[in-house]
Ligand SMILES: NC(=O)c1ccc[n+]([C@@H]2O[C@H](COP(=O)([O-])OP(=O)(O)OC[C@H]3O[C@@H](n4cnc5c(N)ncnc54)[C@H](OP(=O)(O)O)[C@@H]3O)[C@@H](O)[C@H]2O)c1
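Shown next as structure tokens: one chain only, the form predicted on its own.
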């Protein structure tokens, strides 16, 4: 993938991996557009990084996804890269009746939104000489942690979806990437921490971005970063260890 000269839309771009990708691509001279739910945070980012464009959008809402796609294509028709990054990670106790609102929210944001946005942008991207779709899955797509079963299932489904998408676009100029992060020290997973600002350890986000960018630049279409490599390679053998 060319890592310069693009116009890139990143969902979930107000923090964590999404914001780190936005900063890195912006530093390389790309046009970067980010969306997220937090309007105040978007204003701060736009002010701090001259040239990063922002759009308030809750990707859980299908109508807002359609509005986002139309806004991007109308205002930035040169857009040639979509990064499906937005995600949430919630605890789910399957031994009790689940809260369907939480389950539906996790599935909508983590899986349905990337599928829908991909379909909305696909024809637009097919018109470009060079284009890319980058889906952010997880090492937990391959080795689930049992106390967050819905999150892990959505990432496993996103992995499967990416394989099918790559096959459907194999004869086109649209490159399809999957990046599977390990545990990265971001806000993700705050649902299981008393203090949402508390660090949970994991790979530093800058280290993650450096490795992921190398894979993108070298056209590694499926890349598991850091500890996620073991999870991808060893799969079932690690399940008992992770869930001990």
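As the structure is a computational prediction, the values presented were derived from the model and not from experiment. Numbering follows the first chain given and starts at 1.
Not pictured, yet referred to below: the form predicted in complex with the ligand.
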Heavy atom of residue 109 within 4.5 Å of the ligand in the model of the complex: yes
Distance check, residue 43 to the ligand in the model of the complex, heavy atom within 4.5 Å: no
4.5 Å heavy atom contact, residue 53 to the ligand in the model of the complex: no
Heavy atom of residue 184 within 4.5 Å of the ligand in the model of the complex: yes
Which of 124-132, 79-87, 162-170, 95-103 lines the interface with the ligand in the model of the complex (heavy atom within 4.5 Å): 79-87
Within 14-38, the residues that have a heavy atom no more than 4.5 Å from the ligand in the model of the complex: 14, 15, 16, 17, 18, 36, 37, 38
